[in-house]
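One chain follows as structure tokens, the form predicted on its own.
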């Protein structure tokens, strides 16, 4: 059995206005998993992430990170192992230069000057911003700020990375940059949990998808299966990825037999089209 990075049991969180943001959430995430936490706005995704590293305190229930309970006395260690990247990058960029921002975490963790410099350089190279080290953060583009915010967390070398809507409001090239960064992090065995409502850009880098709705987990399973289930997604206010929508329309309007789950990425769509073309050739169809 895989080691658990995250173990959440019967988690509840109540807002100050007495409404429930999370209502009996239970979740296990294995070390090295990449999770897509999916749902429309306001279903509790961000609240769940903030509970995972102690930014918020559960009203009821328990959270364990690598077997250690998320409580006040353990927060320093928990936050060293669990990095949180906010949706708004400016929440994490407040120093005179980008270098200072990336160094802030390692300095406060008590590392030597040499170790701090190594970590900052490594993080900046990973996000492609090493040439911007001496720039004031407010001079960066929004896409660069998003990458810089990720770097402020990577410099602390956490075991778990939590990201809140990392591709929101980005142009296509910036989205591609974020995807490459996350692919690289995932390939190193880090555990990643991404909260989003974006079904188009993030599926290819996640192993499992969890759908949240009204503060509860409503479905979970392999990303390919969850994101090709038209009825399930529609039930919770979501849509198929654009490629999946195309094949669903071909299937429903033109009686095209897909014979398996709908493609949700360009590569899987290419493979499916080749299969259909070859099948038609064998059957003598144009």
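Numbering follows the first chain given and starts at 1. Predicted model, so just to flag it, every value in this text is computed and none were measured.
Another form, the form predicted together with a small molecule, is not on view; read the next lines as being about it.
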Review point. Hey, of 233 to 241, 40 to 48, 61 to 69, 24 to 32, which bit sits against the small molecule in the predicted bound form at 4.5 Å between non-hydrogen atoms?
Key: 40 to 48
Revision key, fill the gap. From 197, 79, 180, 122: within 4.5 Å of the small molecule in the predicted bound form by heavy atoms is 197
Review point. Just one of 174, 186, 201, 87 has a heavy atom within 4.5 Å of the small molecule in the predicted bound form. Which one?
Key: 87
Review point. Is residue 165 close to the small molecule in the predicted bound form, meaning a heavy atom pair under 4.5 Å apart or at it?
Key: yes
Point to revise | Touches the small molecule in the predicted bound form: residue 278 (any heavy atom, 4.5 Å) | key: no
Exercise for review: Determine whether any heavy atom of residue 19 comes within 4.5 Å of a heavy atom of the small molecule in the predicted bound form, and answer yes or no.
Suggested key: yes
